[in-house]
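Single chain ahead, written as structure tokens, the form predicted on its own.
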């Protein structure tokens, strides 16, 4: 066992818990400055300092207590140290739709072990039914752990595996697919599968969680329930992202996979549809369609899978004083395409014109805006017109990250720059619109 009994503790903190005979998982009482705290001693990060002891309170929250000369620690006992045993599967209703849930990792795809405070993947069907028993009334669940990754570690190669796995599930006859994913790069993955999975017969719904399952404010169960309901019953057959519409639990909103961005670090309603209306929302266990233009669910449709991606595409954000040599660096490294995130209507400094000309000669250069709302219009000012004359392609109201993913997908299909340019200008998965509406119009559409 060794250091596992004291995982993450060192120095003064380690001496203090050893002195009272405590180890990770024990129930302890800490008294400091007249305050008394009781909870389960849980592991610490290996990078934590040596002056704090961390316990999990009965409320489910963790608290770190700094050691001081007047800090008193007592080992109350071994505590309950609950372990998790998956319950038996509830009776399956053969009349319900069948939904596949594929886990790639992230907060939503984990369960807290209250003995250690650690998390582990929790996406077996038994685990899901035990955590969210309501799922048994919505669908028959087929769960699979594909990856267990923080979403910042997801790469284009993982998108390929996701697409192939979704295709397998659809071939098996499921009525919809849910992909559990970390929120930080979920928008990228949703865009990737929007291009890789064409002519979808059923919905593919990405879902994440902003708050872990051990927190009273967790959004995991509500988001997952909404995602499964959408996969089972929504009338559309597109890739979408299911997350909270507001900070309350009143509705889960479904964003089109190519038009969604994470706009807040921690709020439950962090995801917003950008320059587009959401596809739908879940209210009181009903799918309420918001968009009129969507691809209809049709089980007779023959799925077309194009799962290959190139990693030789760069997203470069322009800023004042930026060195134009960064463009040359990417060209020299063999990058096939560059998405520039320019200012306002789509501009970068004229100091970039020469390296951009060279990049266009070698591949594709496209322009998105750093602004969240609105669309690129490079005809208004001479800088924009000069950039278009160099061969830079304006991206209308496409999100910069969606454009990057799309070009990764395009160069997974072809090495021909001219063919790539034509594909970039083709609206494949609702990634751009002919006209961008004001945000107020979308808000009115919700009511």
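As the structure is a computational prediction, the values presented were derived from the model and not from experiment. Numbering follows the first chain given and starts at 1.
Quick note: we don't show the form predicted in complex with a small molecule, though the next part is all about it.
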Of these, 176, 187, 106, 342, which has a heavy atom no more than 4.5 Å from the small molecule in the predicted bound form?
106
Counting non-hydrogen atoms within 4.5 angstroms of the small molecule in the predicted bound form, say which of 369, 223, 183, 194 makes the cut.
183
Assert contact_stretch over 68-76, 326-334, 151-159, 288-296 against the small molecule in the predicted bound form, heavy atom within 4.5 Å, equals 151-159
